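In the form predicted alone, a lone chain appears below as structure tokens.
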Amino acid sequence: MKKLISLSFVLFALLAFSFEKGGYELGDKARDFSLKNVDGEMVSMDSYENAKGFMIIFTCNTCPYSVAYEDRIIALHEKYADKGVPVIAINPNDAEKSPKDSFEKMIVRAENKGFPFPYVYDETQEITKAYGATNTPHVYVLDADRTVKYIGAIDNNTKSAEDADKKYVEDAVDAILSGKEVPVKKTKAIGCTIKWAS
């Protein structure tokens, strides 16, 4: 009986963990969203006609890792947007927990950095939970059908773009555009934990 109880507990714990983890896995089809951009307009994937894919990047104003990657995120958008694979940056952080990540502060940050891509706010955190993002930055590369082809980090060097010799997101997008298999499909997202609402 004790063994049965302990086994039940283990199974319950595993189920609870998997439920808590949630989010998309490779091969899942990502749902669309309609989130407010820093220019006041609503942004969705549907608003991109003839898109060949998307780089959905969960990022924010305050995380040092996100700040370190801002220029690389800009470069990714500038390299691939005209080829049909734009960046959509999503701020997932709760403004009460992280006031410097408020929508108003997002506008300031986007202007200061000259973001060429949409920087939208997931105020309800519903989309963040749907994707299963845990850190900033956390990247999901989708193909034209919005199938998840890559999840994880932008590259393998958080400190220096020049010293990164594994460019996971670039490799994933290049593979999608050339109709090939993504070489590295999943890596660990290195960054700050998302600030969830209470």
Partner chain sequence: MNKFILSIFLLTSIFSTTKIWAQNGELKIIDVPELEEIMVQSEGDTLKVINFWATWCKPCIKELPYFVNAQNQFPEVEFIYVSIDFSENASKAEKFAQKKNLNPSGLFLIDDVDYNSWIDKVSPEWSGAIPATLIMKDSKKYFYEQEFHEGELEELIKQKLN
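All of these numbers come straight from a predicted model, not from anything done at the bench. Numbering follows the first chain given and starts at 1.
What comes next is about the form predicted in complex with the partner chain, which does not appear here.
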query	finding
Region of this chain that lies against the partner chain in the model of the complex, out of 42-50, 140-148, 154-162, 29-37 [heavy atom, 4.5 Å]	154-162
The partner chain in the model of the complex: contacted by all of Y65, T187 and K195, heavy atom 4.5 Å	yes
The partner chain contact at K166 in the model of the complex, heavy atom, 4.5 Å	yes
Exercise: N135 in contact with the partner chain in the model of the complex, heavy atom 4.5 Å	yes
